[in-house]
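Let's start with one chain on its own, the form predicted on its own, as structure tokens.
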């Protein structure tokens, strides 16, 4: 088992124990172990071989034994017993927004509800309305959550799909007879969620790679001479198409592009006297010879277009831009100099300030912003003014030690209260290097109210960045009803930055808004919303979305070096040049 599978089992055991009403300390231990495994920077198998698991924070002797046991593919007796004892459907119910272990247990004990299907029937009959702790409003929320779940059924987050796909791609490339192999489909286009995994292979002979591929499946869904589909143990469908080496660039283009992009490309190609398919480029007139095509770049050039990166192939003006040679050079992950939206153990993060800083330096960044939650976020252990001042002072001291090359910026993710005021007074906010203003409460406000609320926050002179604009949680929670255009207008008018939250569950502001907004002068900050050291790598997901939104390096402030970044995030602060060098606190 890999670390993701082990972490999933530890998390599931914690949830099963919660449903039983077991000791909360034991539950937290398993949950903490799951996070520790998932956030490992070192190779898990090497740690096990060297008997160093217990050196990891959150992993004691017992958990080390369990992790070792699971890594060897053995069955964990506790896990097996809990699965037999507790209906599987109860765990699925806990994934619905608004249903925690206590409520799921109450539904099971009092109404004998064992699955989401049972719950749906009970809701349709109004059985929960009079149940203690529920009521009519809860019924409405649960019905909405179920509709959202059904809408997202069969799809997973891009990040999770990528974690699944790249080891398979690596194995395909190493398979006998394989000449080329690539990921295709929505995963290659970097869509927020993915329905299945698509692989394209050029191989000779075909038999070997097909046999290898079919052996990976928990279930074989379809098989043919050149294509096959399997279902993995996780439930994910994986499709394979095998072509010749000559066909590879055409097939890669065909199986990557959205349907709309491909239709428009074919129309464009026909006008130029060619017929394009997944197998090749054919002239419509006799005597015309196709140029040699060895890559997608060659293909685009042959039909009179500049190369269109996979992320842009959504039929949103990319073909017209390519015809004029105006596809921009999109931002790249290596250009990111640091991120600003990061949490520590001071609020609801899982790593200390020093641990987060050390990881930022290991990533090669020049700076790292710390923005723990503000005082009204009680559920996230938000910082009182006194605790915030203590953290600011700690960051000042840390920068002065010169222990790291990376520079640490002191900020806050400050709640935008329901009336649009900020959670700290201006006298507090002006002490910070930057302020991220975010909505975390009263998400059900109507569009006019929540739009006005956000705009009021953007008008505050000490706000630098607007965080996760719509507060959406992909596959779990709908975006708030906000007028994005009006918010973008207000951000530009007030010279504020809007965050592109790179957390795989958020990816907010949505990529579909960025092209127009950036053309009008809006600046972006790609952030991780990191709550652990491993989360800092979410910057990759943020860059994916930025590329889908046509963003260039120039439009993203955290590609700027520190001296250039500071004026953008401190416009309304009266800092001297000296204080800038020392951290400006």
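Positions refer to the first chain, counted from 1. Quick caveat: nothing in here was measured; it's all calculated off a predicted structure.
Beyond the structure shown, there is the form predicted in complex with 2'-deoxyguanosine-5'-triphosphate (DGT), which is absent from this document and is the topic of what follows.
*Asks:* According to a 4.5 angstroms non-hydrogen atom cut-off, is residue 290 in contact with 2'-deoxyguanosine-5'-triphosphate (DGT) in the model of the complex?
*Replies:* Heavy-atom contact with 2'-deoxyguanosine-5'-triphosphate (DGT) at 4.5 Å: absent for residue 290.
*Asks:* Does the 4.5 Å heavy atom contact test between residue 390 and 2'-deoxyguanosine-5'-triphosphate (DGT) in the model of the complex come out positive?
*Replies:* Residue 390 lies outside the contact set for 2'-deoxyguanosine-5'-triphosphate (DGT).
*Asks:* Taking 2'-deoxyguanosine-5'-triphosphate (DGT) as it sits in the model of the complex, is residue 195 in contact with it (heavy atom to heavy atom, 4.5 Å or less)?
*Replies:* Yes, residue 195 is a contact residue.
*Asks:* Can residue 254 be called a contact residue for 2'-deoxyguanosine-5'-triphosphate (DGT) in the model of the complex at 4.5 Å between heavy atoms?
*Replies:* Output for residue 254 is yes: heavy atoms within 4.5 Å of 2'-deoxyguanosine-5'-triphosphate (DGT).
*Asks:* Which of 189, 373, 515, 503 has a heavy atom within 4.5 Å of 2'-deoxyguanosine-5'-triphosphate (DGT) in the model of the complex?
*Replies:* So the residue touching 2'-deoxyguanosine-5'-triphosphate (DGT) in the model of the complex, by this definition, is 189.
*Asks:* Heavy atom within 4.5 Å of 2'-deoxyguanosine-5'-triphosphate (DGT) in the model of the complex: which of 420, 185, 382, 349?
*Replies:* Looking at 420, 185, 382, 349 one by one, just 185 meets the 4.5 Å heavy-atom criterion.
*Asks:* Heavy atoms within 4.5 Å of 2'-deoxyguanosine-5'-triphosphate (DGT) in the model of the complex: which stretch in 427-435, 299-307, 361-369, 258-266 meets that?
*Replies:* Of the stretches listed, the one contacting the partner is 258-266.
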